[in-house]
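In the form predicted on its own, a lone chain appears below as structure tokens.
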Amino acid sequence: MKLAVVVQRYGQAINGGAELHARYIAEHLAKHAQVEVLTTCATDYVTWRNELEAGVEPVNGVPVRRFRVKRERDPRLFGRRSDRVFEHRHSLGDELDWLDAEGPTSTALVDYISKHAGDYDFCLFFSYRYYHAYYGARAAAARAILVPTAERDAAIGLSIFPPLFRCVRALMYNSPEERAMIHAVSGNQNVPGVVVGIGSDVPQNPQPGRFRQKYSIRGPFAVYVGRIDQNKGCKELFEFFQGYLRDPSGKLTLVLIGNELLPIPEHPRIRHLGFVDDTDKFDAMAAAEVLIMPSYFESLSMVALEAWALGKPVLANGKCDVLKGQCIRSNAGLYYENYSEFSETLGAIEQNRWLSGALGRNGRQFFREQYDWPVIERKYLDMFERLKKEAPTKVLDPLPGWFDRRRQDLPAAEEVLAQLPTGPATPKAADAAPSAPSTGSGQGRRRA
């Protein structure tokens, strides 16, 4: 069996959520099939500047075929087009212009897929909202499997995407919430799909003492791992944690791991370590009392799964349906929606060792049963076998002509998003996690 993994950027040093997801899947499926990655020459997700050479190179033993991006992203143009389609009535042409402005616009990559899709049994497209996935999936037709990595943001309300969700061969969802959202916006319930998510290569014996010694951290601490960005909820995290610091009963320091895109408050109990390697990251998580996930938008939090694999509780932003659902299903995390809930839940984890331990044990079991690599690999392989036995039944219609593309008859994407159901999804029985041991008061819900 030969597979193509198609993603916007790819490399060992590229650690974005969807891109890391794609690399992990490519490397693990390479144990079962012949895998080739198709991607661009870009490494920077803001500019899509061509920084790597076009052509084929191996990355961790997997061949990677790179194609040049036609042009860099113009932030002002992309901003204007985003305002147009997200906030105003607009046309299909406006949406296609937005997609082109978002990038990475690599016509060479799409042309290659058009000519060579038949060389692969299946093509796995990561991240529905990008140029390569939209046009590449149309070009691959009956061989296209979509890993949407969809978050609850305005892009999901654009009219160009529901036909894509309805006409690919299958979808590999990250969470029940993502699946429910895509079902609601596109009515694609009849398209084969399964909640899979992603595993992680978590070390068996991380060394918390090694981390503390290396970074001179002695007391108890909470850890945040990820891009330090307003879009990741970090501004609110800083506000809430500074409020927590005013309570003399709280003893935690906040340790931040990741690249800084937002000013970090100057306080002796807020420590920014910058980007660290995986060894230090896992050592830090093993040493922490709790992982905090403040993001409003996630299709799946890999770092939360890694914390659970290490037996650590998670405190998550309850306004993110995915994080809230993961906390409830795992019975391994608490969540908050305002400062008082943040303070109380963080204090409960810090001061109640029984609660913290029970949440951590539940998280370890949840990861092992749902996200261990053999489980993830088997779901992909089962889907491939199913699709081999089923003839494709749907074909994407061609895009409308020039005149029809310019009818100003599409609603603002924000209006469509506002009409979608919210809240944690109830998973289908086939995708539900086995019941976790009861923890009494630690039911994964917010505590006020």
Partner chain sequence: MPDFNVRSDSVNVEQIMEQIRARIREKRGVDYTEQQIRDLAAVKLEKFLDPKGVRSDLLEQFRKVQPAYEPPELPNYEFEESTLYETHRGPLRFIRKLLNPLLKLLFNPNKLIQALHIQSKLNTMFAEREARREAARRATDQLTYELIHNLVVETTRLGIEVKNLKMRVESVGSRLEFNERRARALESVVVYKSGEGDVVAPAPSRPPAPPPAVAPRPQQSQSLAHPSQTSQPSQTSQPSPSGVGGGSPSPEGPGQRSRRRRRRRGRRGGGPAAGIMGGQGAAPQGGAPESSGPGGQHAADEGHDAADESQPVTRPADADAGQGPAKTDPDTQ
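Positions refer to the first chain, counted from 1. Remember, predicted model here, so these are calculated numbers, not experimental data.
The following text describes the form predicted together with its partner chain, which does not appear among the structures shown.
S.K.: For a quick test of understanding: in the predicted bound form, does each of Ser340, Ala348 and Arg361 have a heavy atom within 4.5 Å of its partner chain?
M.R.: Every listed residue reaches its partner chain in the predicted bound form, so yes.
S.K.: Do Ala117 and its partner chain share at least one heavy atom pair within 4.5 Å in the predicted bound form?
M.R.: Judged by the heavy-atom cut-off of 4.5 Å, Ala117 is well away from its partner chain in the predicted bound form.
S.K.: With the partner left out here, check for me: in the predicted bound form, does some heavy atom of Cys327 sit within 4.5 Å of its partner chain?
M.R.: Output for Cys327 is yes: heavy atoms within 4.5 Å of its partner chain.
S.K.: With the partner left out of view, is Asp278 within 4.5 angstroms of its partner chain in the predicted bound form by any non-hydrogen atom?
M.R.: No.
S.K.: Can you check whether Glu344 is within 4.5 Å of its partner chain in the predicted bound form, heavy atom basis?
M.R.: Although its partner chain is absent here, Glu344 would touch it in the predicted bound form, with heavy atoms inside 4.5 Å.
S.K.: Pick from Thr149, Gln370, Asn331, Ser175: which has a non-hydrogen atom within 4.5 Å of its partner chain in the predicted bound form?
M.R.: Checking each option against its partner chain in the predicted bound form, the one that comes within 4.5 Å is Asn331.
S.K.: Consider the chain as shown here, without its partner, and state which of Ile257, Ala141, Ala154, Leu355 has a heavy atom within 4.5 Å of its partner chain in the predicted bound form.
M.R.: So the residue touching its partner chain in the predicted bound form, by this definition, is Leu355.
S.K.: Just one of 185-193, 90-98, 331-339, 75-83 has residues with a heavy atom within 4.5 Å of its partner chain in the predicted bound form, so point it out.
M.R.: Within 4.5 Å of the partner lies stretch 331-339.
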